[in-house]
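Next up is one chain by itself, shown in structure tokens, the form predicted alone.
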Amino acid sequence: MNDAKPTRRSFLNYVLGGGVLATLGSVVYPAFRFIVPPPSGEANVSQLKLPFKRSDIEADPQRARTFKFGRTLGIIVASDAGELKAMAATCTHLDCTVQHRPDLGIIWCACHNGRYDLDGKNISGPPPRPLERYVVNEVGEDIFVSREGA
């Protein structure tokens, strides 16, 4: 059995060690909370009923509307043939929001002049891949958008 009594030096070492740990914790914990994003309250959705109708899209000068699709933005476009086409509204280059350019007949990213056709295929500029396409179903006046394969 060890009968060694705690010395004043060992007590001071414990207090000093605890102080160093508390200081490190007060620096590291806020940095960790800053780096790790908080959990999002929004769920991933696979289908969405849009809050507007075809007539609202066709009356818009851009002939397009953006909508929130879960955690991301989507865009729905009325083509000249009267077809509704929906796709993700974030550029595949640097996640800028894209917009419909009816004068050029394309989807355009203003950040780096990325261009997509109305099917979401990248046709020029730096975007490395096409936009994610959504399936559009119209039931009466209501428009439903869903992910392909969902």
Partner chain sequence: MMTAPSETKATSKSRAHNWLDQRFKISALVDYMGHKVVPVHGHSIFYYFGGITLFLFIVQVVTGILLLMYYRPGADSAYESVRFIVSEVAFGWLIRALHSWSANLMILFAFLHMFTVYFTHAYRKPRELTWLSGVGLLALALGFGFSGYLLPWNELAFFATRVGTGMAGAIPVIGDELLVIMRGGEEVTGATIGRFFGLHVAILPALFTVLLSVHLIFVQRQGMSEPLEWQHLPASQKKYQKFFPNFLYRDLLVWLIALNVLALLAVVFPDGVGPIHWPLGTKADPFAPPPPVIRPEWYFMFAFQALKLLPPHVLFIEGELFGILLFTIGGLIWALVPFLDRKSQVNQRSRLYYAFGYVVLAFIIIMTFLGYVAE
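All of these numbers come straight from a predicted model, not from anything done at the bench. Numbering follows the first chain given and starts at 1.
One more form of this protein, predicted in complex with the partner chain, exists but is not displayed; see below.
S.K.: From the list 59, 36, 81, 28, which entry has a heavy atom within 4.5 Å of the partner chain in the model of the complex?
M.R.: Among 59, 36, 81, 28, a heavy atom within 4.5 Å of the partner chain in the model of the complex occurs only for 36.
S.K.: Taking 4.5 angstroms as the cut-off for heavy atoms, does residue 9 touch the partner chain in the model of the complex?
M.R.: Taking the distances in the model of the complex, the answer for residue 9 is no, it never comes within 4.5 Å of the partner chain.
S.K.: Would you classify residue 99 as touching the partner chain in the model of the complex, given a 4.5 Å non-hydrogen atom cut-off?
M.R.: Residue 99 belongs to the contact set for the partner chain.
S.K.: May I ask you to check whether residue 128 falls inside a 4.5 Å heavy atom distance of the partner chain in the model of the complex?
M.R.: Result yes; residue 128 sits at the interface with the partner chain in the model of the complex.
S.K.: Under a 4.5 Å heavy atom criterion, is residue 45 part of the interface with the partner chain in the model of the complex?
M.R.: Although the partner chain is absent here, residue 45 would stay clear of it in the model of the complex, with no heavy atoms inside 4.5 Å.
S.K.: Check for me whether the partner chain, as it appears in the model of the complex, comes within 4.5 angstroms of all of 72, 94 and 110 - heavy atoms only.
M.R.: Yes, the whole candidate spot contacts the partner chain.
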